[in-house]
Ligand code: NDP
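For reference, the chain that follows is the form predicted on its own, supplied as structure tokens.
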């Protein structure tokens, strides 16, 4: 296999899908050498079969707002690969959502889920509906309309959706309620559910906590203590909030948060008290992060992200491609020693090249943000057994999973000079498990 030839063929077959092409290119580039050591993979045309999703559904979603106005959005579900378990991946509600973004997310999810060692395949779904500015009643009606079309294609042993950008506990509750009504069954088909109806403890915190646990493992390789380190965090949703929470618990100092309007930089550090304000602002009032700056009198920069600020560690936790090559150069110039991704593919290829050229610790999202889907997998297990584990048990399992992912990244990504290429390590570790399962199951 020559990665450039495979990518060129995919671009011809699926034009105008830059995010999908970007994700495929990153993986193919990393695994090319290992892939070519297995001629049986090439004979089975395994790489092309792995790049193209098993199937993709698209459908119209019609809903009515509080004024009686009828609206139409598009809904999607990409079922990418289920050779190691049921399709598993979030649902995203965002105006910018496209099939290309969903294909990249589902492709990434396949390898991320493989890394967790749990029996989960890869999938992703969503809609170009934006919850921003909508009432709870409008969001409920949209979620119900969305599931009215989606429910036929999902199930506890088929495809298990979860939340993502724009989809939190409220939205999962509305979707699960409609799914339960339509199927007349109570199964663990959605994860991220409320604790009163099958949800797992630590699930809301899992992506943020898991990212910090992975960061700790990376820092250990260089004997660096996280205490006192200033941390740039982007985003202000679930992932960013719980990333900050765990950082504060461990003695680190988060100094930034952001949303689509701009970012705040609090040089005194975001404390637990200030973080509680952010949670209330975002979850209850759906407010903008600028209100934090107004309340606490700190720096606010509109229409920008925090990567030009000085800090020790960066944790991009907002969305894809939010950190470009120029941003990466500023981070390195300002002395950042580690970057750990809480979001899916937040760093562009140019940014990744800058980080790796500078030999700083850099963890890609498919490894560092796997905590969320890991606890989703643990939620599926609890649902299947009709039991509920304690906070301590779930958290310990999460720590163990993130440590194992880190060990696999080190195993496959350590270079001759001792530098760990976590991108290569994560891609090879995730790929090999999926590839071996595909080979074992034949040409199907």
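Numbering follows the first chain given and starts at 1. Note that the coordinates shown come from a computational prediction; the quantities given were computed from them, not determined experimentally.
Same protein, other form: the form predicted in complex with this ligand, not shown, and the subject of what follows.
Note on the partner interface in the predicted complex: the residue among 110, 344, 191, 340 having a heavy atom within 4.5 angstroms of this ligand is 344. The partner is absent here, but in the predicted complex a heavy atom of 288, alone among 180, 279, 288, 141, sits within 4.5 Å of this ligand. With this ligand omitted here, the record of contacts in the predicted complex names 234-242 of 265-273, 356-364, 247-255, 234-242, defined by a heavy atom within 4.5 Å. Using a 4.5 angstroms threshold between heavy atoms, residue 259 counts as touching this ligand in the predicted complex. Mapping the unseen interface onto this chain, residue 317 counts among the residues with a heavy atom inside 4.5 Å of this ligand in the predicted complex. With a 4.5 Å cutoff on heavy atoms, residue 152 does not count as touching this ligand in the predicted complex; it lies far away. Put simply, residue 229 is far from this ligand in the predicted complex: not one heavy atom of it is within 4.5 Å.
Contacts between stretch 71-99 and this ligand, counted in the predicted complex as any heavy atom lying within 4.5 Å, involve 92, 94, listed in sequence order.
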